[in-house]
Each structure stands twice: as C-alpha cells, then as structure tokens.
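First comes one chain, alone, set out as structure tokens in the form predicted on its own.
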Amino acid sequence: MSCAHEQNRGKVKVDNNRYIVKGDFSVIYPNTPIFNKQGKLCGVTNPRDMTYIHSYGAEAPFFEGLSKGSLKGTKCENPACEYKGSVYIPFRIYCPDCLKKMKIVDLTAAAKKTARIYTYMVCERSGAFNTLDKPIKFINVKIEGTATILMSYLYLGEPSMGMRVVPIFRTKNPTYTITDLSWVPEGTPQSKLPKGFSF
C-alpha cells in the first residue's frame, strides 16, 4: 500500500447522529500477470483495498464494554412477556419473544463465577482475514442465569465439556470487535494472559 493512500485511507466521524466520511474507501491497484513455467499467461491478480463501515448501532455498549473489561448482556423486563426476566448473551436489542426493547445488564461477575464450556471445536484452518492464532479453540460458553450460549474462543489450555472458564478482555489497544473477549481456564494467573488482556 502506498504512503499516499495510507494517509488518505477512509475515515468516519459522527456529527449530529450522521456518518461523515472522508478519504478513499476503495483503491484499485494495477493487475499483475500470472504466467506458468512455460511463459503462458494463466491469469492476473486483481489487488484491491477496501475499507468497510460496520455500524454497531444499539449494540455499541457491548463492544465498548469489552474494551473496559465488562461483559454486557440484555434482559427482558416487559411484564406482559411470557419469558420476562430472560437474560441474553450475545447482546440483543429486542426480546425475541415479545419484541420489546430490553435492558442492558452487566454479566461480568456471573461469567467469572459460573461460566462453563458447553461445547467446543478446534479449527486448524480459518477463513480470510482471521486474526486469531491457529489452531483456534472455539468454545460455546454457558453462563448461569442466561437463556442463551455465547460463542467465543479459549486462549489457553485444552477445552473440555463442563470446564470452568473465566473471561479476559483486551483493555489495552482494543479492536472494538468480538476478539476483545477471550476465555481462560479458571485459576489462570494474570502473567499467562496475552499482551493487552486482563481479567
């Protein structure tokens, strides 16, 4: 990527609840021919640089919370809802049963005391743009008192069904994405956490 493009990379600000965009969000680079050993043209590369805007809307408190060491969920408090009191993680804006807006609740303490691996899978390969080290130990985490199960990843150790885990948060240089949350086996010392993460 050229220095000039890097300086003019697409950026977004918010003013009056509107996105104000500035810079290049799509850059096309010259094609490069692909030849076989005999010198026959087989194709071309088509290098592109894209900057996407991913809007969080009402889910922003969840991602901001991760950067501050807090795990947020939501709770239905509609008295007319058949499932009033249900707590959801991943974060949901509206109750899936009554469609009323839910209240944000802090699940950090509950996660530290009760989280267990419900199921897991280990992936040796991953898709494009993955930022996690392989193999990735994907885990489904059940937190006591919640109606749902959260998918995340285990940073240390080998996963097992029912294993007690605690959340860790990327509080230094957060990405404001779901990878700011990870899990480690209960009893893991702070010294074993990845750089930038804390309990």
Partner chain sequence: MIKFSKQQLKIPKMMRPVYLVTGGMSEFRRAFPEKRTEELCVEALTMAAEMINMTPAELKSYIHTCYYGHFADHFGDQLLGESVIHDRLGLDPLGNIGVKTGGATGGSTLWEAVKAVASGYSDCALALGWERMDEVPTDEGNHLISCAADKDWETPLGHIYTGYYAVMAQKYWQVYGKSEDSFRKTMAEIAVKNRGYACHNPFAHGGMRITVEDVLKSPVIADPLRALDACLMSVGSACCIVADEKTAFKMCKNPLLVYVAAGTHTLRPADRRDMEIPLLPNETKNTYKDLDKRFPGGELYPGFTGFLAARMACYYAYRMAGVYDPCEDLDLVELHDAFTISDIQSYEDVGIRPYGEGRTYVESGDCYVTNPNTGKPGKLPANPSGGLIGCMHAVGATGLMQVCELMLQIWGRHAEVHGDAKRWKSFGKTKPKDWKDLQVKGAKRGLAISHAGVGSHVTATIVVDPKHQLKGGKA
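Numbering follows the first chain given and starts at 1. So that the term is clear: the rigid core is the largest set of C-alpha atoms that superpose within 1.5 Å between two forms. Source: prediction; values computed, not measured.
Separately, the form predicted together with its partner chain exists; it is not shown, and the next lines address it.
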_in the predicted complex, Met121 touching its partner chain (heavy atom, 4.5 Å)_ = yes
*Taking heavy atoms only, is Phe169 within 4.5 angstroms of its partner chain in the predicted complex?*
no
_Just checking whether Lys40 would be counted as a contact of its partner chain in the predicted complex - the rule being heavy atoms within 4.5 angstroms._
yes
*asked:* Just checking whether Asn173 would be counted as a contact of its partner chain in the predicted complex - the rule being heavy atoms within 4.5 angstroms.
replied: no
*asked:* If the criterion is a non-hydrogen atom within 4.5 angstroms, does every one of Ile149, Met161 and Thr179 touch its partner chain in the predicted complex?
replied: yes
*Using a 4.5 Å cut on heavy atoms, which of Asn78, Thr114, Thr108, Ser126 is close to its partner chain in the predicted complex?*
Ser126
_Interface residues of 33-60 toward its partner chain, as seen in the predicted complex [heavy atoms, 4.5 Å]_ = Asn36, Lys40, Cys42, Asn46, Arg48, His54, Tyr56, Glu59
_Rigid-core frame, C-alpha of Asp49, shift of 2 angstroms or more between the shown form and the other one_ = yes
